[in-house]
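Consider the single chain below, provided in structure tokens and representing the form predicted alone.
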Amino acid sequence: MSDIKFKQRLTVEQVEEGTDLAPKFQDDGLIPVVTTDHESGELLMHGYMNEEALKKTIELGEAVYYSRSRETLWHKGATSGLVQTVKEMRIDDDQDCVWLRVEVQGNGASCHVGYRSCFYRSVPTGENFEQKDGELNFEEDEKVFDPKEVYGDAPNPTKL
């Protein structure tokens, strides 16, 4: 395990205005992470880290998440080659959410379905939702890669 030690959360001022890294993990031991492309700002994915994943991300300079579906650490790109090199890591005001700004290796995709972003569909809002009967709109025209070629017979992490 890592030599990195997070600071104890002592005061609101320390957490919000200080320089101590004192992340607040949820009751399940996880902290949410939003990941964007370093150059374009495009939202690539949302995931979670446990304490070990956060420490490994800091150590390696590459994104390591905690997979809730597989219940294990997930070094992004270890299987696909689509490693996310961390260009900047931020933590929000009360230190309960992480933002990674990354450069994606390979073809630049971050979604296991094959799209560049995990947010490849939009949800209609207001009157449009009823008019379209809630039908999602595809915002990415084509997949960047074929998941079957990349992941083979590995189980799909999406849970019904």
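In case it trips you up, residue 1 is the first one in the sequence shown, and so on. Just so it is clear, the structure is predicted and the values come from calculations on it, not from any experiment.
Not on display, but discussed next: the form predicted in complex with a further copy of the same chain.
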* K24, heavy atom within 4.5 angstroms of a further copy of the same chain in the model of the complex -> yes
* Asked: Within a 4.5 Å heavy atom cut-off, is V98 in contact with a further copy of the same chain in the model of the complex?
  -> yes
* Is there a heavy atom of V15 lying 4.5 Å or less from a heavy atom of a further copy of the same chain in the model of the complex? -> yes
* Close approach of Y115 to a further copy of the same chain in the model of the complex, 4.5 Å, heavy atom -> yes
* Determine the residues of 112 to 130 with a heavy atom within 4.5 Å of a further copy of the same chain in the model of the complex and present them in sequence order; the list may be empty. => H112, V113, Y115, C118, F119, Y120, R121, S122, V123, P124, T125, G126, F129
